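One chain follows as C-alpha cells, the form predicted on its own.
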Amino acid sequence: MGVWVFLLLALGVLAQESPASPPPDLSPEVFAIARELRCPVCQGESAAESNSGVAVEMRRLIAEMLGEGKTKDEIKAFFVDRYGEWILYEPPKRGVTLWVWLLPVLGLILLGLGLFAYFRPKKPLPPELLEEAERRLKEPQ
C-alpha cells in the first residue's frame, strides 16, 4: 500500500509542468517597469499586479530583456510594438493624448479664475448713483 501511495505521489510530481513563470525573486526594476504596463487580459490591473498568465509572461520577458542589457525605454517600446500604445498606463504626452494631460490643468485654471471673479470684493457704487437712487425712492409716485 505504501509503495502505491509513493508511486502516485511521484507520478503527480512528474506530471506537473515545469513552471514557465519567473522566479519569485525578480528584481524590483522588473516590477517598476511592469507597473507602467497594462495587463492585456485584466481590467484595471498592471502587469505587476496581475497574476494572469500573460502578466506573468510579461514580467518574465521584462526580466529576460533586462538581463540582455536592454533599457526601460527599449522594453516599453517592445510592448508598444506588440500591443500598441494602449498597453502603457501613462499615455505619451504628444498628439491627441496631450489633451488628456492639458485639459485637467486648464480646467483647474478656469475654475480658479471663476472662483476669484465670484468671490472678489465688489466695487462700491459711485455716490452720485446712490444719491439718485435715494432721491427716486423718496419721490411720490
Partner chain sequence: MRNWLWLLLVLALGGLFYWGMQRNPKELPSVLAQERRPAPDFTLPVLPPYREEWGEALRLSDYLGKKPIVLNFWASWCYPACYEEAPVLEATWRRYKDQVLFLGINTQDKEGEALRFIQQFGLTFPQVFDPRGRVGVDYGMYGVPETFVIDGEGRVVVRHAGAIDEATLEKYLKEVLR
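Numbering follows the first chain given and starts at 1. Owing to the predicted nature of the structure, the values given are computational and were not obtained by experimental measurement.
What follows is about the form predicted in complex with its partner chain, which we do not show.
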**Asked** Even though its partner chain is not shown here, does residue 53 get within 4.5 Å of it in the model of the complex, heavy atoms only?
**Response** yes
**Message:** Can you tell me whether residue 95 touches its partner chain? I mean in the model of the complex, with a 4.5 angstroms heavy atom cut-off.
**Reply:** no
**Request:** May I ask you to check whether residue 86 falls inside a 4.5 Å heavy atom distance of its partner chain in the model of the complex?
**Result:** yes
**Asked** Using heavy atoms and a 4.5 Å limit, would one call residue 66 a contact residue for its partner chain in the model of the complex?
**Response** no
**Complete:** Partner-free chain; cross-checking its partner chain in the model of the complex, the single residue of 45, 29, 57, 73 with a heavy atom within 4.5 Å is 57
